[in-house]
Ligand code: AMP
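Coming up is one lone chain in structure tokens, specifically the form predicted on its own.
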Amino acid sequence: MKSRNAVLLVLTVLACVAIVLVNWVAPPIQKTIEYTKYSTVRLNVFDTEITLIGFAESEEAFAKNAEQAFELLENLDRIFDAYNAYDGLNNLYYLNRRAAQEPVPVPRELFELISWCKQKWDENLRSTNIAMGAVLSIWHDYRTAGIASPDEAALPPMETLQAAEAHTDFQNVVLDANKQTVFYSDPELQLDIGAVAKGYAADAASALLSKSMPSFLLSLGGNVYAGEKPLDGRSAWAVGVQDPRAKALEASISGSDILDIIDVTGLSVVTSGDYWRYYTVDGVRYHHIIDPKTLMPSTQMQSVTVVCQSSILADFLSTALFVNSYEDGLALVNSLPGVEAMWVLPDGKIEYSAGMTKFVRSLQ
């Protein structure tokens, strides 16, 4: 009996040792997820081409993430639209036509954007003023007419612009955070959020994508947001900065339209330039970035590129830096933590803030 018990004990010990050895020699197999790069394009959202590149487990997973992001962007495009009405939506178009009569309740996104810009105004950052709609709408109408009929293209009369300027004080935009309403105490004031709308949208879409597809690159024209690093071995996403004076067709074919490459991860890259929207009068090109001091298209820069974490801030600052001198712009950038910039001056010379050099490929 004792002999039998001894044998059973030995067999039990051996079995336990075998289990331990098997687990030590052959641990449970961990499934490795492989990610593939996919890309897609959506046209005519925010009047631009939107490109999304991302690394996903499958084409189906990428398509699902892309569709969610585009749906969000299309909804924001309707909310921020200043030229079209939509049934049941108090968008910017509706706001500009009703807010001087009574406080208008608006969607959360529009209220947030206006409130953010009002805060910057209160902080004395006033080179980008979304209350300049009365002036910008005049330029928009003349630019649209000039593009449609180049032989009849003309500049807006300065007296007309100056009359509109009298109605650009942001203090006359009254916000009620509790009721989420907007009221214009100046009946001739108009908001134009073109300088920040794509930045807000890029931030919102990027926050959504980061939850389920964190390795991505989202481009809304001159607004780019880079998520986590690419899953193909690269340490950063490459964002091209366009040469402001490249001839579009020839340059795009040869690839010479790129002035430089900026390598970033987890950051936004926004460029404002005099080559985006313009028309020609008597052989002179007039672009869409209006200097609030002169009420004319700014001649301070060819382009300005801003890198920082917030796309709406980069959007806001790229316009502000564009209408100021390089010296004043550099002082502003240096006063803001986490913000870097690159300027292309009127003579083509390129200047950088100190921290920008670590992103620009040609300077590495």
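Counting begins at 1, following the sequence as shown. As the structure is a computational prediction, the values presented were derived from the model and not from experiment.
The same protein also has a form predicted together with adenosine monophosphate (AMP), omitted here; what follows describes it.
Asker: Could you check which residue among Arg245, Arg277, Arg98, Arg78 gets a heavy atom within 4.5 Å of adenosine monophosphate (AMP) in the model of the complex?
Answerer: Contact check passes for Arg277.
Asker: Please identify the residue among Val224, Met213, Leu136, Ala205 with any heavy atom within 4.5 Å of adenosine monophosphate (AMP) in the model of the complex.
Answerer: Partner contact (heavy atom, 4.5 Å) among the options: Leu136.
Asker: Check for me: heavy atom within 4.5 Å of adenosine monophosphate (AMP) in the model of the complex, for each of Thr128, Gly194 and Ser272, yes or no.
Answerer: Heavy-atom distance to adenosine monophosphate (AMP) in the model of the complex: all three under 4.5 Å.
Asker: Looking in the model of the complex, any heavy atom of Val106 within 4.5 Å of adenosine monophosphate (AMP)?
Answerer: Val106: no contact with adenosine monophosphate (AMP) in the model of the complex.
Asker: Going by a heavy atom distance of 4.5 Å, is Ser303 a contact of adenosine monophosphate (AMP) in the model of the complex?
Answerer: The answer is no: Ser303 has no heavy atom within 4.5 Å of adenosine monophosphate (AMP).
Asker: Would you check, heavy atoms only and a 4.5 Å threshold, whether Pro292 touches adenosine monophosphate (AMP) in the model of the complex?
Answerer: So Pro292 counts as contacting adenosine monophosphate (AMP).
Asker: At 4.5 Å between heavy atoms, is Met132 in contact with adenosine monophosphate (AMP) in the model of the complex?
Answerer: Because a heavy atom of Met132 falls inside 4.5 Å of adenosine monophosphate (AMP) in the model of the complex, the answer is yes.
Asker: When adenosine monophosphate (AMP) is placed as it is in the model of the complex, which of 329-337, 315-323, 54-62, 40-48 ends up with heavy atoms within 4.5 Å of it?
Answerer: Selected stretch: 315-323.
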